[in-house]
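Here we start with a single chain on its own, the form predicted on its own, put down as structure tokens.
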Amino acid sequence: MRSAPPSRFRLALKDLKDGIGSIYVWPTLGWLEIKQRYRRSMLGPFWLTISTGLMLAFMGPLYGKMFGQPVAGYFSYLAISFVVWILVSGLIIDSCTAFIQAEGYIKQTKLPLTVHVMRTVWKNFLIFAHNVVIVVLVLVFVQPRIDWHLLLVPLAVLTIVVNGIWSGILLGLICARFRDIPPIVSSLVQVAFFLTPVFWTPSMLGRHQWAADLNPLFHFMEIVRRPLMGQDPSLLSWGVVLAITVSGFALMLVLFQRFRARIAYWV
């Protein structure tokens, strides 16, 4: 007697497990994508660090004076915020094309679909790792309070990266089906940059600081930024981020198990 075929949910879980476990595939693909972008360049991926550093070098003193903030403290705030924002926004925008850009692999090789999402996540993490050099240099200059809260920084970064997995699968399959979604998401991320405390602080809102708490991206910034600034971690921000993580994976699994088999036809 034949056994029943595996359910769509079990196939989706297997794809997720096998994709994340393919540690010899997606790190190589992610690194090759960055190398391809800077091929024949003497400094290679470190142009990412240089371009970000130059932007911060001009923005820091300028916006610090405009907002009436102490230049040293504001510069460290801006550097941390901007580097974390590049990671968060990169994960969101690249999620939209995670499957579209992998069309050749999907149609020609038998790989878990999650591999292509992990490639995107790894690529953005490598970009973040290059930009972290800027944060380290700024913190050496500013010398914030050093305590156990700094141990939360790797956990916070890992949490953001993990959220990139469910958003990559969810946005990846939606954008593979509806090709108008990627430019819409890109435009929304640009608007969110100005609505999220990146180059401005929540205290500038005065009695309307509560408005910053309504922005989920703000909380992803806070779980990394506060420990690096020598401030106590925000339980509210961690609670919001964990709630988004759980609900995001739940929604992703619902849609992924239903439409996983169609992605190859959509791309």
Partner chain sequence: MTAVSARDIVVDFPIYGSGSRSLKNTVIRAATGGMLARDAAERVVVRALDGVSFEFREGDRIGIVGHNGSGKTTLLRVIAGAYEPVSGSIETQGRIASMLSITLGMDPEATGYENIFVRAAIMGLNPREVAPVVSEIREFSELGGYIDMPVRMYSSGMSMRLAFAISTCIAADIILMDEWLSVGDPAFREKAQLRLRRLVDRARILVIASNDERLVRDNCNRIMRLSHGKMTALESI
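On a predicted model such as this, the values are computed, not experimentally measured, just so you know. Residue numbers count along the first chain shown, from 1.
The next section is about a form of this same protein that is not shown, the form predicted in complex with its partner chain.
Each of 28, 35 and 108 comes within 4.5 Å of its partner chain in the model of the complex, counting any heavy atom.
Considering its partner chain in the model of the complex, the lone stretch of 174-182, 191-199, 160-168, 74-82 in range is 174-182 [heavy atom distance within 4.5 Å].
With a 4.5 Å cutoff on heavy atoms, residue 154 does not count as touching its partner chain in the model of the complex; it lies far away. Contacts with its partner chain in the model of the complex, taken as any heavy atom within 4.5 Å, map within 239-261 to 260, 261.
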